Structures are given as C-alpha cells and as structure tokens.
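Before any questions on how it binds or moves, here is one chain, the form predicted on its own, in structure tokens.
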Amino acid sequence: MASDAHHAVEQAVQHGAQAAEAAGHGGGDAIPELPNFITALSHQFHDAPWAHWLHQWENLVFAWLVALILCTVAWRYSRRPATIPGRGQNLLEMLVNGLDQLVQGVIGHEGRHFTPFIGSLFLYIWLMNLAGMVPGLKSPTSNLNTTVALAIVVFCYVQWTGIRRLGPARYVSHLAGEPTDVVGWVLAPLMLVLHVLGEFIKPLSLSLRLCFNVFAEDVLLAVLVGLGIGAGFAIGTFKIGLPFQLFALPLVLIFSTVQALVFSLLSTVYIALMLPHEEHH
C-alpha cells in the first residue's frame, strides 16, 4: 500500500511537471497546476466514485479544511486565554488588534462592531491564499466559485447592515441618491437602478481581482516547479528537481497577504458607505 501511494504521488508530480512543460512550450491547452493530495488520491483510486467526487469538489474540500483549521486555532487560544499570553496568543492578539484598528480607521469607533466579520474574512481569505504554498494543499481562492461565494457573503452582509441601520424606507432612499428636490426625485428611478447595479458590481469586482491574482501565483509556482524538475532530470544528479519555486515564495507570501488585505479593506469601505453619515463620520 505504501509503495502504491508513493507511485501515485510520483505520477501526480510528473503530471504537474508535464503540464508546466507544455505551458512553457505553448504545446498544449493545459494550465500548469501543482498536484495536491486529492490529485494523488484520484490517480491512485481513479475508479472509485468517492475519489472522483473529491477531485470534482476539491476547491470546496480545501475551503472547508482551511475553515476547520482556522476555527480550531481560534477555539484553542480563546477557550482559556492566559493572563501572561504565550507566542500563539500574542500573535492572535496582535492580528485582532491590527484588524480592529484598520476597521475603526475606515468606519470610526462604531467600526468595532464590524471587526469580527472583517477580521474573519481577512484571516479566512489569507489562509486560503497561503494554502497553495503548502505541499499537498491548494488555494481555494484560485477558483472563481470560491471568490464569488465570498462576494455574495459581503454583498448580503452590506445590504443587511444598511437595512438594519437605516431602516427599509431610508435604505431605499439611500439607493435612490437621497433626493431632496424636484430634479433629484425625477432622477431617483435611474439612480436607484445604478446604485443597485453598483452594489452587485463592487463585490463581484473584488472576487475577480482576488481569483485571478491568486490563480496567477499558483500558475507561477507550478511553472517553476516544472522547470526545476526538468532541470534536475537534465543535470542527472537531482532526481527530485531544483527548488526554483523557493525564490518566488516570498513574493507569493506578500501578494497573498496584500490580496486578502485589499478584499477586506474594500469590504470595510462598502460597509462605511452604507452606514448613516453621522454614524461613520
């Protein structure tokens, strides 16, 4: 069984290397992608329905895995917080404090109410972005289904916040441009349509930006791994390849963090735009 699993992993690695080589030479339509443990399982048990199901829904599986890890870590350090915190609790407190200051810097003191949502959104996206750097895992945010789902969550939360804080009547008035004169009332239907479209487009643009940036990072890593494997076999002394991808990991780490920060920051701005002006002033 161990030899079979090892053979499956080797096949998965060779498959990723071949895809990277094909993309590098323009010899095919295959998009280079690093193999993960679900890829290895699908190669080993290609006739099993459960392996086919895992491969078909691998982005959802990795998204749930990241969520489980995040919830486990949060539960571990928030269950019994120490008076003198250790390194793990210190790190989490620094993250929470930094996110709280970020949200309050955009919205104001009322922003602390939205810190749990924005903070959870940032940490979840950030960990999903970084998952592609861990051997055997994959970044779920490189798939448009994941990022569109995040955009839908932000859209629903922003609209719910607007209705709850403004009230239904003032919420509709806000979307209509809050008309106060005859010209404003005449243009109100047009402004209402434009604002509703804008409320859909804003989070959707976030999802597209996040998806394609993370996707590009994953393709870059896959191409470098493929080149490293090809160079290692060409030299003949490195059977596992040369670690070219290590040079790109710091950049991927920075870009993944920036993308999660941009998504969270703009979501905070969307919430601030929906709040009453006297509240977030």
Partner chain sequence: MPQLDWQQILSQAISFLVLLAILRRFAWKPLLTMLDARRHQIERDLQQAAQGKVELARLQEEYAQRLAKIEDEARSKIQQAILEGKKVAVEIQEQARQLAYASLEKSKQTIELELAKAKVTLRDQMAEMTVDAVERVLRQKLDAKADRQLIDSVLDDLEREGARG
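Every value quoted in this text rests on a predicted model; they were computed, and no experiment measured them. Residue numbers count along the first chain shown, from 1. Here, rigid core means the biggest group of C-alpha atoms that superpose within 1.5 Å across both forms.
Below: the form predicted in complex with the partner chain, not depicted.
Though the partner is left out of this view, A63 does reach within 4.5 Å of the partner chain in the predicted bound form, counting heavy atoms only.
The partner chain is not drawn, but in the predicted bound form it has a heavy atom within 4.5 Å of R112. In the predicted bound form, F215 approaches the partner chain with a heavy atom inside 4.5 Å. Heavy atoms of L70 reach within 4.5 Å of the partner chain in the predicted bound form, making it an interface residue. Residue heavy atoms within 4.5 Å of the partner chain in the predicted bound form occur in exactly one stretch of 129-137, 184-192, 204-212, 168-176, and that stretch is 204-212. When contacts are defined as a non-hydrogen atom within 4.5 Å, none of G226, Q245 and V258 contacts the partner chain in the predicted bound form. Using a 4.5 Å cut-off on any heavy atom, the residues of 79-110 that reach the partner chain in the predicted bound form are, in sequence order, P81, A82, T83, P85, Q89, L92, E93, V96, N97, L99, D100, Q101. Relative to the superposed rigid core, M94 undergoes a CA displacement smaller than 2 Å between the shown form and the other one. Comparing the forms between the shown form and the other one on their rigid core, the Cα displacement of V134 stays under 2 Å.
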